[in-house]
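This text opens with one protein chain seen in two forms, each one given by itself as structure tokens under the names structure 1 and structure 2.
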Structure 1
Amino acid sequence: MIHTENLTKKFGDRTAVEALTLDVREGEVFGFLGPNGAGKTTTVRMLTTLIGPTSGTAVVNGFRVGQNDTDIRRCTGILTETPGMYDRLSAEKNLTIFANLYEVADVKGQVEKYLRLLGLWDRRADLVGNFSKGMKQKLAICRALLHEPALVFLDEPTSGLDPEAARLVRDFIEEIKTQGRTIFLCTHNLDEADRLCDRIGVMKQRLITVDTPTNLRQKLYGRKVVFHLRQADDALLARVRALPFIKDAQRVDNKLVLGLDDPETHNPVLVRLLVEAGADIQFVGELRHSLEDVYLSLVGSTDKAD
């Protein structure tokens, strides 16, 4: 769906995006993460042909940036971080204007469809200037989807929304994913990225890494299982450490924290060993690092390298 090679954008002497080589698969939710000023929005603007690259190439849905820009605009939808709407017009009129610009066949039907889906139908006649920030954000999402694009770029889609509205938008993203659309999601909400994204890319002018959230956790931290015992001692820890599949073992109070490559296979062996050693197992759980831990580790390591 998206393929870039050495895509670069410079503003004078400042490099905003450096040699970005990236592939985004059709039908996936791809999360694009990075600190402010990392080049995320600049990348989106290049891929949607709002600005041209300084060098490198990009192909979007089979169309080449810089050569087939009109075709790219027809097959993509975009929600910018600060979407501009016509404040002196109603929500319905705003969407009607953009539906006509996109040459939508059933303008009235599409406008009603998305106003209802985003919970704005009852406010369709109200002036957009009287809308809250969250309502404007939902209206901008409607605008991005009016022409049923195959690829949708969402830049901070839940910014400014209350928890109920943010959940509605997340559910909506999952729904349009089931329709086979590709979603390119820029967000600072790491919990949101963890729940919604099939893969994530971490960016800081250069692309640091791309993988699934689960694989990134495992690469950085491995998998750790915590055995909560009624009582643990160093002798029990030593018996566990002697097992060949244990990569790392620590005792924290009455808990054994064990590093394993394959907990599904080795947990039953550990349970039997601990029971035979007289341990009372209260419960077993896997230590799960958050995507925030992964993100901060990756960005922090880049800072040190720089």
Structure 2
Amino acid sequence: MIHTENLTKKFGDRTAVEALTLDVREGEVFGFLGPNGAGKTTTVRMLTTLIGPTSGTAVVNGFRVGQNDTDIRRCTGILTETPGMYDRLSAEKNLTIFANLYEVADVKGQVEKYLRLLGLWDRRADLVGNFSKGMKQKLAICRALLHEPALVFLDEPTSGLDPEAARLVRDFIEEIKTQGRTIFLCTHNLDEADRLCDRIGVMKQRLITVDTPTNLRQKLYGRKVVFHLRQADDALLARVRALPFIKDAQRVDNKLVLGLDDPETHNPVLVRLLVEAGADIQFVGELRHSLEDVYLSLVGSTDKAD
């Protein structure tokens, strides 16, 4: 759906995006993560043909950036970083304007469809200025969907919203995710990325890595399993540590924290061993590193390299 090669953007002598080579597949939710000033918005602007790349190429939905810009604009939707609405106009008018600009065939029908989806049909004549922030944000997302684009860019859809509004918006994104659209999601919110995205690209001027959230965690930390026992001691820990598939083992009070690659296969073996050794197992759980740990270590490591 998106394919870029060495996509680069310079503002004067500051490089905002450097040699970005990236593939986004059809139908996936692709998370784009990076600290402030990483070049996320600049990338989105290049891919939506709002600004031209300094060098490199990008193909969006089969159209080449810089050659078929109007075609790209027709088949993409964008929620910009600071998406304004015309506050003095009604919700309906706001959407109608954009439906016309997006050359929607059935303007009335589409506007009604999305206003109903938002539960705003009864308030369609209200000025947008009177809506809550979360509602405005959802309206802005709908504005990007009026022409049913195959690809949607969402640039920090929940930033600046209170937790409740952010949740409203996030639920809404999950809803549109089910419609088979490709979504390119820039975000600072790691839980959001974890929950919504199929794959994540971590970016800081250059692309640091791309993978699924699970693989990212695993790559960095491997997988860990925690056994909560009624009573654990170091002798038990030593027996477990001796197993060939255990990569690392620690005891924290009565918990054993074990690193291993394939818990699906090895957990039953471990359980059997612990039971035979006379341990009372209370709980077994997977220790999940938050994506935040992963992200911080990825982004942090480039700091040291700088």
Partner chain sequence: MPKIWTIVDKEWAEVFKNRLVLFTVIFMPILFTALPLLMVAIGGSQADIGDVTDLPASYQEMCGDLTGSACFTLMMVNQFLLLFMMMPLIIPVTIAAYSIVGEKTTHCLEPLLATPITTAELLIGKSLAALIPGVLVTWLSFGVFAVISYMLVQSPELLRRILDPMWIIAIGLVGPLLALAGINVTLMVSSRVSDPRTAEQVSMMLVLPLLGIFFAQIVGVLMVNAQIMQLAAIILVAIDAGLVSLGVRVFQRETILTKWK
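Start at 1 and count along the sequence of structure 1; that gives the residue numbers used here. Whichever C-alpha set is largest while still superposing within 1.5 Å between the two forms counts as the rigid core. Please read all numbers here as calculations on a predicted model, not as lab measurements.
Only structure 1 is derived from the form predicted on its own.
Once the rigid core is used as the reference frame, the Cα position of Thr82 differs between structure 1 and structure 2 by less than 2 Å. For Asp71, the Cα coordinates differ by under 2 angstroms between structure 1 and structure 2 after the core has been superposed. In the core-superposed comparison between structure 1 and structure 2, the C-alpha atom of Glu174 has shifted by at least 2 angstroms. Lined up on the core, Gly129 has its CA atom moved by 2.6 Å between structure 1 and structure 2.
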